[in-house]
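There is one chain below, alone, in structure tokens, taken in the form predicted alone.
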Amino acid sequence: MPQASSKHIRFKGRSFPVLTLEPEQPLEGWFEQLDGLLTQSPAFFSRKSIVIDVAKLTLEQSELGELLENIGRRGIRIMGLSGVDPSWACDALPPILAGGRATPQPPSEADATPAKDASSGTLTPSEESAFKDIANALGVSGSPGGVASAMPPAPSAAPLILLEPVRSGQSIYHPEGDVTVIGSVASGAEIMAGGSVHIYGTLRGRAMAGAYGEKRARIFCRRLEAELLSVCGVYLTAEEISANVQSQSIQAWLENETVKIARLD
């Protein structure tokens, strides 16, 4: 008789990038901010891997269940939980994750040079030259008034280049490097990059740069009409974006835990 072939189920350990939500006290204020974000961008967390890190909170196990229920009611699917005692593991809670590490970051620009006032418009000759290189790459012209620093971060991996516009409802994820769109990003569309985001047309949807911890990441677009901008998890909704940069060629970057926006022309 022919020998029956053996079959095996293979198990392998792998790591994947996820987004981590870190609730903070007071929880009422944190939920207000969360609801404000979801009002502006209802699909912000859709189809994403979300882990809830409660290390900043002091909660009883019963309170933890209530917190997760409140988050879940907002349409956020929770794939894991961190920052709690592993002994709390039970069927009523998401899997408890341990040993997670934030994305490693190189020294930031702020560590290398003193921060400049974004409204001062004062740049060194080398910074002005770098600004012009970026402006030329985007196909715009003008002076660098109001730009704190135009030095782009070095890409950490091969970029993703999209030769067609991103349509409404599309979500583009590229956690390893920059994303470049040769066209526009429609309202209801989303770009999420581990590095910087470059859009050679109109940005009407959502753009998230440095989504996995790269603080040097930036957003560049030829025409800003965005629903949301985010750099390293710090975001601005459409209502928070200043009118003087709307419909303009801009760059956005993170400075002192605040998203700054400056015109490129």
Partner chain sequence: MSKTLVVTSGKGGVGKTTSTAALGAALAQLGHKVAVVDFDVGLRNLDLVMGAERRVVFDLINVAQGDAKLHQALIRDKRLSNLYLLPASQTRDKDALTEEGVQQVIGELREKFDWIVCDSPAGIERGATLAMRFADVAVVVANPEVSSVRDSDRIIGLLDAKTERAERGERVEKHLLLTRYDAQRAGRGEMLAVDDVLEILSIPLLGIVPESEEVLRASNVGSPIILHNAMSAAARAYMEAAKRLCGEELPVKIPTDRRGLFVRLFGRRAA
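Small disclaimer: the values here were computed from a predicted structure and weren't measured. Numbering follows the first chain given and starts at 1. C-alpha atoms forming the largest set that superposes within 1.5 Å between two forms make up the rigid core.
Although it is not shown, the form predicted in complex with its partner chain is what the next lines describe.
Check G75 for me: does it contact its partner chain in the model of the complex (non-hydrogen atoms, 4.5 angstroms)?
No, G75 sits far enough from its partner chain in the model of the complex that none of its heavy atoms falls within 4.5 Å.
So in the model of the complex, does any heavy atom of G177 sit within 4.5 Å of its partner chain?
Contact check for G177: no, nothing within 4.5 Å of its partner chain in the model of the complex.
Classify G169 as contacting or not contacting its partner chain in the model of the complex by the rule of any non-hydrogen atom within 4.5 angstroms, answering yes or no.
Yes - in the model of the complex, heavy atoms of G169 and its partner chain come within 4.5 Å of each other.
Should S184 be classed as touching its partner chain in the model of the complex when contacts are defined as heavy atoms within 4.5 Å?
Although its partner chain is absent here, S184 would touch it in the model of the complex, with heavy atoms inside 4.5 Å.
Given a 4.5 Å cut-off on heavy atoms, tell me which of 49-57, 36-44, 234-242, 197-205 is the interface stretch with its partner chain in the model of the complex.
In the other structure, the partner sits against 197-205.
Using the core for the fit, does the CA position of D85 change by 2 Å or more between this form and the one not shown?
The answer is yes, as the C-alpha of D85 shifts between this form and the one not shown by 2 Å or more after core alignment.
2 Å or more on the CA of E63 between this form and the one not shown, with the rigid core superposed, yes or no?
E63: C-alpha displaced by 2 Å or more between this form and the one not shown.
Note on G233-E63 C-alpha separation in the model of the complex, which departs from the shown form by 3 angstroms or more:
Between the C-alphas of E63 and G233, the gap widens in the model of the complex (3 Å or more compared with this form).
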